[in-house]
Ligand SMILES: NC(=O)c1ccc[n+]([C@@H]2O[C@H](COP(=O)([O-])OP(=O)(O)OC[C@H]3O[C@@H](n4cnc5c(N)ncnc54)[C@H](OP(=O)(O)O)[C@@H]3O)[C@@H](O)[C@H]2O)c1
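Just one chain is shown here, as structure tokens, and it is the form predicted alone.
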């Protein structure tokens, strides 16, 4: 089972919907169990066909899953992981977080992280977990629309080969998306920093841009 912490936000809900459509059983985690359950019911009703999506509080979602996605804003990362760290021991933790800030007239810009990236910081906070960085560049709006066929690549970075391969396979389950091996977790910094650029491109062109790695 997949847990998605921050699953009541657009990116988390979108991932939950797409994974459910691909035959997985995601569980949406929230600080409030009722919110997680409400989001799960809403998504299940919007999905084509019959899917299974569950809801819980963060602790319950982590306890039920082997793979845990972090899909909340970067500002909350340290407090959440310090609180849930013991429960995440031995699990695969997928960071979807792209630290950024917004300034009027200038748009989005990347936030510098002392550890190098949000994913590297997560690995420092969770030394007994296998941290993988992925899906930072996927459009939340497109993920949430089951009628949209998504296009593009999901660059996956990790220092744990088996965990990276598993997440690449999850990306491949979403129609027209492809998991691409992005190397070690140190490369997550560059993938995270693509996200604010895409946000600015989307604002300029009124689209939902993604990325494609050519030549593979």
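Remember, it's a predicted structure, so these values are computed and weren't measured experimentally. Positions refer to the first chain, counted from 1.
Form predicted together with the ligand: not shown, discussed below.
Novice: Taking 4.5 angstroms as the cut-off for heavy atoms, does residue 31 touch the ligand in the predicted complex?
Specialist: Residue 31 belongs to the contact set for the ligand.
Novice: Is the gap between residue 173 and the ligand in the predicted complex 4.5 Å or less for some heavy atom pair?
Specialist: No, no contact at 4.5 Å.
Novice: Should residue 116 be classed as touching the ligand in the predicted complex when contacts are defined as heavy atoms within 4.5 Å?
Specialist: Taking the distances in the predicted complex, the answer for residue 116 is no, it never comes within 4.5 Å of the ligand.
Novice: Give a yes/no on whether residue 90 approaches the ligand to within 4.5 Å in the predicted complex, heavy atoms considered.
Specialist: Because no heavy atom of residue 90 falls inside 4.5 Å of the ligand in the predicted complex, the answer is no.
Novice: With the partner removed from view, which of 106 to 114, 82 to 90, 123 to 131, 67 to 75 is the stretch that lies within 4.5 Å of the ligand in the predicted complex, judged by heavy atom distances?
Specialist: Correct option: 67 to 75.
Novice: Using a 4.5 Å cut-off on heavy atoms, which residues of 1 to 20 contact the ligand in the predicted complex?
Specialist: Heavy-atom contacts to the ligand in the predicted complex: 6, 8, 9, 10, 11, 12.
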